[in-house]
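Before any questions on how it binds or moves, here is one chain, the form predicted on its own, in structure tokens.
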């Protein structure tokens, strides 16, 4: 009897050990849901808005270190309104919002118990992260958090990495258990104290708190625009560039609406044409767009940025069917066009610079049954030996980007990538 009990216990222990060795990953359903969102708001903001310089990077440069580290003592953004920020995101057609809860300067926008260098030490004394999380829940926007592994303020970052990692875990536990983020956007993984092993430790710790939270690929090492080769995380993050066509690996381009990530007076803003073409080309490549705004020192977003985002939302109100929940390709975006697909529909996003005809290669096993502008008039097309020829009218429905829906006789998502 004793031998049987010992044998049973040994089997249980071996089973537990085998289970423990299985790597913890984000469920595919959660990651697919994230990639279906397609468009989110990035917000870089903190006491540095008092100087109008770049967050984190200007510490010790444009702003002397001692001065930078004390900006929080005069940070009092009395016009901050979380509902206004979330409304700007919603009106833009954005589906998620990501706030820099902690950037490389080490300042925390929530009342953490791990360091006094946080929002409660400022005259403002309000939980920015908590208010945004609540506003997102109220308005149906998915709440996400940016958190850097690089901290130039905390001496433990370079002097005692083990202690620093434990502090990171405590901060992440506060953020995850209190605010329940949909996604965590890590950054700052390139400096020497940080290793891939630390990244894996943090990733597994995050998953122990909430397995469904999506995590970007900047926890390990390696190159941001790709997965693998030392990266740790669920999806790739090309920065200030539109990612290449990739429908195999999940990815998200982070791009600024102006030039600087944090607020800068009179910073040059992208035109509506640039904004829409950026969104469309990202979706056409199979990625999400995390579009950044930098609120001002008083807590408001610039009216011109809010207006530009609203214009993007007006375009999406008409054409969002061709962006949300779609698959990129099968053609790589170019200066004239970008394509997405969903079900039996292939959407062609035609930019104003396109000519009067579009030439597509044959779609292998599928045929075009019908072509029309999305929610508009039919479009003339013919199939030739070389491919499909679509004839555009002299005037297109949209002056920036018109969308043609091609109805196919089968599932467009089964088409392989095709070179035009």
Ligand code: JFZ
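Just so it is clear, the model here is predicted, and its values are computed rather than measured. Positions refer to the first chain, counted from 1.
The form predicted together with the named molecule is left out here; the points below concern that form.
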Review point. Pick from 308, 281, 95, 218: which has a non-hydrogen atom within 4.5 Å of the named molecule in the predicted complex?
Key: 218
**Study point:** The unique member of 42, 45, 68, 373 whose heavy atoms fall within 4.5 Å of the named molecule in the predicted complex
**Key:** 42
Practice item. Would you mind picking out the stretch of 206 to 214, 86 to 94, 314 to 322, 103 to 111 that comes within 4.5 angstroms of the named molecule in the predicted complex, counting non-hydrogen atoms? Key: 103 to 111
**Study point:** Partner contact for residue 258 in the predicted complex: the named molecule, 4.5 angstroms, heavy atom
**Key:** no
Exercise for review: State yes or no: in the predicted complex, is some non-hydrogen atom of residue 57 no more than 4.5 angstroms from a non-hydrogen atom of the named molecule?
Suggested key: yes
Check your understanding: Even though the named molecule is not shown here, does residue 347 get within 4.5 Å of it in the predicted complex, heavy atoms only?
Key -> no
**Study point:** residue 80, heavy atom within 4.5 angstroms of the named molecule in the predicted complex
**Key:** no
Revision key, fill the gap. Within 235 to 267, the residues having any heavy atom within 4.5 Å of the named molecule in the predicted complex are 239, 254, 261
